[in-house]
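Heads up, the chain below is alone and in the form predicted alone; it's given as structure tokens.
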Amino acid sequence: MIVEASAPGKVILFGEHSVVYKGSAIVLAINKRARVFAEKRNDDRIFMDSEDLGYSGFFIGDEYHPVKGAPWRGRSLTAVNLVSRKTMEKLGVQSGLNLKLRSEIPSAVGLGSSAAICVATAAAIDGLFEGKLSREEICALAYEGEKVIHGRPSGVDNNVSTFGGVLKYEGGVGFEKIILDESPCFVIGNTKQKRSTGRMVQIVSELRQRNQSIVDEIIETLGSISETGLSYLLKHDYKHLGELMDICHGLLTSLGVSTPMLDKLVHASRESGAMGAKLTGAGGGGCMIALVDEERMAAVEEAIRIAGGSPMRVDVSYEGVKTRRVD
């Protein structure tokens, strides 16, 4: 028996960096998904096929053995190995596994690919052993994998990937699910430049140490934008929502987390008719997001492509993690 589970990626609409200090982040699940196919083995190996990324191998315990690709590739699979073993431990089973990992979500560019893989892994293994874990339990197991990758993650990525839709997150408060009766259209522009979230957070922290009063005012304003932006999103006021995205990008740029390529894609999107555009995620590379009317989609995509980015249309996905048996 083979079980497939899939989970969505995400974009951050508002709240990058400011959420670390004060205020909320508004996060949207998107209709690009990661998929994990799980099958039992007769030994204790956990074999992972990531051949669409150019590598595969297996774990015996915590030790990685490459089959295709360099040995260091095992570092990117350590989180999946941990989630696999913790899920089986939670279910009270022991088995080897064949896991096939496939994703529509580009990796290491701020779209939540690692969280989606971790969520789908826990769900696929649960389905394989007919464990009937709750979504909350799957989310918690995926968070264990996220800690391997990111150290001290907020939990935003695994939550939005598990439950889908729109989430408001605030440190010390938690998560609130937001229901929209109408969803806007977005185009993502991928710079294809990988970046480190931890390094970007450090850059903002160091800037704040040197200029605390000024940076605190920027953080305060970014927090206010999250709240106002959410109200515009709920009212379908996309004109003002787009304006806030533009303002937000300028403030994030002032914190030192944008790049020339991100700025280039943002400005190309605006000039081709986007209602607003900003970087999404930690910055330092990765992706930007543009709010676009349906009739301007093709023009914005082409502008991003000409500017050197990789465009991708996305919608808000209200479908979180899902599982099916494959025979």
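Start at 1 with the first residue shown and count on from there. In this text the structure is predicted, and so the values were computed from the model without any measurement.
FYI, the form predicted together with a further copy of the same chain isn't displayed, but the following is about it.
Residue contact check for E220: one or more of its heavy atoms lie within 4.5 Å of a further copy of the same chain in the model of the complex.
Using a 4.5 angstroms threshold between heavy atoms, R210 counts as touching a further copy of the same chain in the model of the complex. In the model of the complex, no heavy atom of K192 sits within 4.5 Å of a further copy of the same chain. Using a 4.5 angstroms threshold between heavy atoms, S224 counts as touching a further copy of the same chain in the model of the complex.
Judged against a further copy of the same chain in the model of the complex with a 4.5 angstroms heavy atom cut-off, the residues I247, L251 and H267 are in contact without exception. Residue in contact with a further copy of the same chain in the model of the complex (any heavy atom within 4.5 Å), chosen from H236, H240, K90, H150: H240. This chain is drawn without a further copy of the same chain; in the model of the complex, the residue among D263, E302, E39, D293 with a heavy atom within 4.5 Å of it is D263. In short, of 123 to 131, 227 to 235, 78 to 86, 95 to 103 it is 227 to 235 that has heavy atoms within 4.5 Å of a further copy of the same chain in the model of the complex.
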